[in-house]
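Just one chain follows, in the form predicted on its own, and it is written as C-alpha cells.
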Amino acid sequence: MKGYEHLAQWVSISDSPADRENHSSDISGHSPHKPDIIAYPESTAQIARLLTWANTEKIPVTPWGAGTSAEGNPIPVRGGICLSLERMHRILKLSIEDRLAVVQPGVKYRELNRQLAGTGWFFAVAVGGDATIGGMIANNAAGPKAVKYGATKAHVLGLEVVLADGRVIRTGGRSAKQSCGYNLTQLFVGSEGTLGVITEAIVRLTPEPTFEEALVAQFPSVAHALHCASTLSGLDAGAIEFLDRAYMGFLGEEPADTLFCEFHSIGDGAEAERRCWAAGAIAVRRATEAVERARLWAARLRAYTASAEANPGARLLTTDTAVPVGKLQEMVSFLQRELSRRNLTGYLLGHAGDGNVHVILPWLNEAQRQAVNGFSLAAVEKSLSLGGTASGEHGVGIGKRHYLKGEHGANAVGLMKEIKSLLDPARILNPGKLLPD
C-alpha cells in the first residue's frame, strides 16, 4: 500500500490479496490485472477528493460496479486504484408521480425493481447479470427487453459526475423533456468511466405490462428460426431471443434451434404461435401464468452460466456484434461457417428482435485463444460490412478498441480523443479502455 497510506484517513481502502484478486477481472475472457489498492467510497465528496489527489499524482483510477461486464471494461489494466462503488448503493428517491428514481451508482437494477414492486412501474432495462445501474449506464447496457424498451441510454434523464480533476457536475434533470444546451448526459452514457465517475443517476421508470405471455418455439434449423423471428414484427413483443441447438443441448433441453419470446398484448401470443407453425416450427409452447413463464424462460436466463459449467477450466470469450435486423440471418450463417472452418466450439444466442447476436467461445490454451480472437475479428469485420457494429451492448472495453476507426472513421475517433484529452488530460480514468492508443 506504499504511497496510498494517507488515503485511509478519509476513505476506506484495502490491499489484501483476496480483494485485489476479486477486482482483477470481470466475466470476460480477458487477462486479469490486479489493482494496487481498492477504494470503497461512500459519498461523492470522497470520490472528488480521491480523484483530485490521483489526478495530481497521475495515478490510474478504474471504476468498478459489480464486475459483470463482458468486455474487460472494469479490469484495472494499469494497476493503480480500483474505485469500487459497491457501498454507494442507496435509492435516494422514488417518485412515481414524476416517473423517475434517483439512485447511487452501486444500486443493482434488480434491487431497484424489488423496491418498485406493487407500484405498477419498473426500470425497464434487464441484463444477464445482476449489474449495478452505474455500470449499466457506463456501458449503455441493453439485454433482452431492448427490442421494446431500448438500451440504458433511453432511460437516463440526468447524472451527477465527478471529473478527473475532482470537479462535480450535474447533467440533465428530472423533467421528461429537456432541450437546453449540449446533451452532456449522453456523453457520459457508454463512456465506460473514461470521462468521469458517475455518482448519482436520475433514471426513467416505465409502466409494467398489464399482460405477459411467454412463447418458446423450436425449429429444424437456424434459418427457420430466424426467418420466423423476422415475421413477428408488428406484435407487442417484450423480447425475441434466439439460442442455437448446441446451446439447448448442453442446457439439457431438446437440441433444436429455439426462439424465446414474450408478448404484452392479449392475442399476440396466439398470433405468434400461428406464425411459428407457418415458418416450420416443430414444437411451440405458450404460458401466461408466472411460474410457467419463468420455467419456459429458465434456459435462456442460464445461458452464460450453463456454458461455463459445460466447459470446466475454460475461459469464455463472448462476441457482441449487432447488424440491421434484415441482415441477421446472413450474419448468423457467416458465424456458423466460421466456427466450422476454424474448428471451434461456439454457442450462438442473441436478441433476434434487434439484430444483436453473441457467440460464446470457450478456450483452454494459447493456441485456442488465438483462434478465438481470429474468429472475433472476422465477426466484427462481417458485421461492419453489413452496416452493423462491433459492439451491440457490451461496450468497447479492452477487446473492441481497435475497431473504432473501422466503424466510425479516423475523424470521429480523433474527436473522441480530443474530448478525452479535454476532460481527462492526465489520462487517469480507466486507461487502456475504449479508445485506441
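Note that the structure is a prediction, hence the values are computed from the model and not measured. Don't overthink the numbering: it's just position in the shown sequence, from 1.
There is another form of the same protein, the form predicted in complex with another copy of the chain; it is not shown, and what comes next is about it.
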*Which one, 282-290, 107-115, 137-145, 82-90, holds residues whose non-hydrogen atoms are within 4.5 Å of another copy of the chain in the predicted bound form?*
137-145
*Which of these residues, 267, 220, 252, 324, gets a heavy atom within 4.5 Å of another copy of the chain in the predicted bound form?*
324
_Quick check on this chain: which one of 408, 34, 49, 369 has a heavy atom within 4.5 Å of another copy of the chain in the predicted bound form?_
408
*Looking at another copy of the chain in the predicted bound form, is some heavy atom of each of 62, 243 and 363 within 4.5 Å of it?*
no
_Distance check, residue 305 to another copy of the chain in the predicted bound form, heavy atom within 4.5 Å_ = no
_Residue-level question: is residue 333 within 4.5 Å of another copy of the chain in the predicted bound form, judged on heavy atoms?_
no
*For residue 195, is any heavy atom within 4.5 Å of another copy of the chain in the predicted bound form, or not?*
yes
*asked:* Is residue 155 part of the interface with another copy of the chain in the predicted bound form - any heavy atom within 4.5 Å?
replied: no
*Using a 4.5 Å cut-off on heavy atoms, which residues of 401-437 contact another copy of the chain in the predicted bound form?*
404, 407, 408, 411, 412, 415, 416, 418, 419, 420, 422, 423, 434, 435
